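In structure tokens, one chain follows: the form predicted alone.
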């Protein structure tokens, strides 16, 4: 596992949940890996109870498989769940970016501009991990501009399935076209151009279909048959 810093406002359960989630998405906890409550609790410096609760929560999201008396394992990537997640995200992201076109204020635009400028900077230095984090934050900023931050948080569990593939895409295909996508989305929001925003979201989220063959070839052990 990769070390995740506990936030001052987090409960032990929330910290355990976030730390395990982030390690699953980053593939520091690989698909198929076993998860020991004792080991995770020791690593995070919390008791077993919040770790057990976090594992149960992620089990409900089908990203961890729990077998009584046998243990818990990070689920292999299930393409059908990835597609469901992508469909949900596309449906929500289109509606939200259209709303952002209507109500984003200058402060919202400034925050998105700062984010995209940082992406463009890290693109030049080849920092894929930084771009990945900024990618997540850019889309969160669109939801914030549309006053839909609660909706963004509610969709997070199903997005775990899609986000693992995004990580593999960055590692395997190194698709940095997403930075250009984000720049175009921002310019379309500024122009209040809903049609272009809709087209850009669809293109942005279709990239997995292009990458899937190459990703599977590089990491066949990560995928459920």
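Quick caveat, the model's predicted, so the values are computed rather than measured. Positions refer to the first chain, counted from 1.
The following text describes the form predicted together with a further copy of the same chain, which does not appear among the structures shown.
Heavy atom distance at most 4.5 Å to a further copy of the same chain in the predicted bound form, all of 165, 195 and 198: Zero of three within 4.5 Å in the predicted bound form.
Among 105-113, 92-100, 121-129, 134-142, the region lying within 4.5 Å of a further copy of the same chain in the predicted bound form by heavy atom distance: Contact criterion met by 92-100 only.
Non-hydrogen atom contact residue 52 with a further copy of the same chain in the predicted bound form at 4.5 angstroms: Yes, residue 52 is a contact residue.
Residue contact check: residue 17 to a further copy of the same chain in the predicted bound form, 4.5 Å heavy atom: Residue-level check for residue 17: yes, a contact with a further copy of the same chain.
a further copy of the same chain contact in the predicted bound form: residue 56, any heavy atom under 4.5 Å: Yes.
Proximity of residue 158 to a further copy of the same chain in the predicted bound form, heavy atoms at 4.5 Å: Close contact exists here: in the predicted bound form, residue 158 approaches a further copy of the same chain to within 4.5 Å, heavy atoms only.
Sequence-ordered residues of 62-87 touching a further copy of the same chain in the predicted bound form, heavy atom within 4.5 Å: The stretch 62-87, when checked against a further copy of the same chain in the predicted bound form, contributes 81, 84, 87 at the 4.5 Å heavy-atom cut-off.
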